[in-house]
Ligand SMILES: Cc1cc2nc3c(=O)[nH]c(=O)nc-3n(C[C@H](O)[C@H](O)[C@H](O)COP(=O)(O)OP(=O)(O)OC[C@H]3O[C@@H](n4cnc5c(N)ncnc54)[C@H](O)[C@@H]3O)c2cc1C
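The chain below stands alone, shown as structure tokens; this is the form predicted on its own.
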């Protein structure tokens, strides 16, 4: 009988670390490689849905997050001119989940929790400043070539997981297509000390406007009072340095407030946004997860959550295959479940969220906002909406796919 070896996970972001932690808890020796010298300080994602919190609870992650994060039981859809269209109450999901709320916590505060827990396992190792170069497959394993501070070397492993982001070197090495498109505008993220609660905003809100929609998230930062993270679309023809300049950012923040405020803006960043799905999530002994497999716009907070859903779907299956308790075809089930839900739900929902906020045709715009009001006024329809927007429905749908 062949001696079982390690599993290599490429990428020490949330998806890679949750995958590695889940495998380690099941007795699988894991090596995580990360090209950066340390965990990254990503300012984009940070809103976690109920099923994501449920999934990470057995790993010991969720309780730590709850101690640090902000619970968000209500969120709004607003119109720049007409104000609040709907304020959704996640308490409607109290009989469906032990976490009837969103949780806001910066992504860069989740990864240290996962890394600390992972390092408690003697069979787990994390190699920073180490890049994936290539991989070759054989019937009984994978040989990964990596480049670290001492040059290139190879790591023999049973399976390899590519969780190395949208520019995934693992995906590219497999020759897997990444079909989809890139949105024309850049997204600008401004973190501000301006307290939006006195203006009537919930800790998560979306403001529809045909020219300048806004997405709002309150983040804990280093503790009370926290920071408000505000996202805007920007003209791709305006130079990035102009977009990030304080006067430009201050004009945007002041633009949706009833009065000019006195506040600081400690963080500003902008980035391009893509809607893409890999043609395959698995080829032989190499599997893709998270942004390496799919990317989408951030409206609705579906990206990071769906990546963690990939990880939690994958690691029990992969551990069973590794241990010889399940056939390798179980990894095809992972691919079918996660890819189908990504296409049917994550991509469609995130595009629909953006279209709602930016619709320019006054008639269509009015119809869509009225539809949202009608849904909110019907308790059955409202719960169905929240089941979908909170990703409970997509997780249950994935479980139905054989």
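All figures in this text were calculated on a predicted structure; none of them were measured in a lab. Numbering follows the first chain given and starts at 1.
Form predicted in complex with the named molecule: not shown, discussed below.
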Among 241-249, 278-286, 300-308, 194-202, the stretch whose residues bring a heavy atom within 4.5 Å of the named molecule in the predicted bound form is 300-308
Do residue 165 and the named molecule come within 4.5 Å of each other in the predicted bound form, heavy atoms counted? yes
Could you tell me if residue 365 has a non-hydrogen atom within 4.5 Å of the named molecule in the predicted bound form? no
Check whether residue 36 has any heavy atom within 4.5 Å of a heavy atom of the named molecule in the predicted bound form, and answer yes or no. yes
Would residue 65 count as touching the named molecule in the predicted bound form under a 4.5 Å heavy atom rule? no
Counting non-hydrogen atoms within 4.5 angstroms of the named molecule in the predicted bound form, say which of 131, 154, 137, 97 makes the cut. 131
Exactly one of 189, 319, 331, 86 has a non-hydrogen atom within 4.5 Å of the named molecule in the predicted bound form; which residue is it? 189
Can you name the residues of 26-64 that have a heavy atom within 4.5 Å of the named molecule in the predicted bound form? 33, 34, 35, 36, 40, 43, 44, 45, 46, 47
